[in-house]
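What follows is one chain in structure tokens, specifically the form predicted on its own.
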């Protein structure tokens, strides 16, 4: 087997895996804190790509990396305040159905505003070359995506583990009533957490835009891998999302290269195999809502 082909595909798998991790971490944070399975997460991912495509001519490639997720954050905050907040004390099924409807609404809004056809989105000019180092041959843009996602994940870990906001999130996921009694405005925290989760999906959408086509169905390319990653890793587990995201990304990338016909099915086979051994996922040993 060609060593260059294998190592290059492994790097591509890591890039794909870290993108899946970024999407899944947002989904996992929302589930861990709010106990909400957000079916609209893929739609927020698509919004990130479309906001980037729209804003790019005005603010440039670096500018959209910051501004597009902020726009997605704003949409997420409005959706949480107006639609989800009234349902927190209702049947969980209502929130589930609402996010499903919200996903359909956002996708149709995208088709109405930006059209049904795809839009070209090239990698930035300063990242359009290739890197050839030993047996690794990969585009500069993919390496940049790898570096950015790793930095973002470190930032998320620091936010959750080393800041007061992170401690409130972790405490609120275990005992929201106690946190409320300590004087913390839990509703405001819920809003910020939902906005943070959607912003992470938006960043992933911006980074994925040059790799995937910017089309309305881009949300479908994100939501199913995200659910598979969260399920394999264990619901609400940040550590599980990272490990399973990399597993899924590398498996899909290798399948694309060596068995293209199975590339769509390989992540589901991986999920079934792991759930047969560990029904709660790799890191889902406890029933805590957020580890």
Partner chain sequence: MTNTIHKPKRRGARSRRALLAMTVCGSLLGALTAHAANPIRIGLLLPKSGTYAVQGAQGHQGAMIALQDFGGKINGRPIKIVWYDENGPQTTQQNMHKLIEQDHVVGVTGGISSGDILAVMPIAERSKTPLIATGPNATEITGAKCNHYTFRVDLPNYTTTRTIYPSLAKNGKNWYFISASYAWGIDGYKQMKGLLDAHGGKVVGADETPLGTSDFSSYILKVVSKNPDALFLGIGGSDLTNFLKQFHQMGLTGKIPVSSLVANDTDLWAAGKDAATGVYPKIWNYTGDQNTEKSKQFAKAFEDKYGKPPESEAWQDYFGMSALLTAIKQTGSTDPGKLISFLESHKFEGYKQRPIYFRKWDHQLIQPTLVAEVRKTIPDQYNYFEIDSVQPAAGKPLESIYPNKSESNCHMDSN
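Numbering follows the first chain given and starts at 1. The term rigid core refers to the most C-alpha atoms you can superpose between the two forms while keeping them within 1.5 Å. Everything quoted here is computed from the prediction, not taken from an experiment.
Although not depicted, the form predicted together with the partner chain is the subject of the following passage.
The candidate spot formed by 28, 54 and 244 lies out of contact with the partner chain in the model of the complex, as no residue has a heavy atom within 4.5 Å of it. Although the partner is absent from this view, residue 101 stays clear of the partner chain in the model of the complex, with no non-hydrogen atom inside 4.5 angstroms. Remark: residue 212 counts among the residues lining the partner chain in the model of the complex, judged by a heavy atom distance of 4.5 Å or less. A residue is said to contact a partner when one of its heavy atoms sits within 4.5 Å of a partner heavy atom; residue 130 meets this definition for the partner chain in the model of the complex.
Heavy atoms of residue 122 reach within 4.5 Å of the partner chain in the model of the complex, making it an interface residue. Taking a 4.5 Å heavy atom cutoff to the partner chain in the model of the complex, the contact residue among 105, 88, 165, 137 is 137. In summary, among the residues 67, 37, 224, 256, the only one with a non-hydrogen atom within 4.5 Å of the partner chain in the model of the complex is 256.
With the partner omitted here, the stretch from 183 to 191, 76 to 84, 137 to 145, 197 to 205 that lies within 4.5 Å of the partner chain by heavy atoms in the model of the complex is 137 to 145.
Taking a 4.5 Å heavy atom cutoff to the partner chain in the model of the complex, the contacting residues in 5 to 38 are 5, 8, 9, 12, 16. After superposition on the rigid core, the Cα of residue 11 moves by 2 Å or more between the shown form and the other one.
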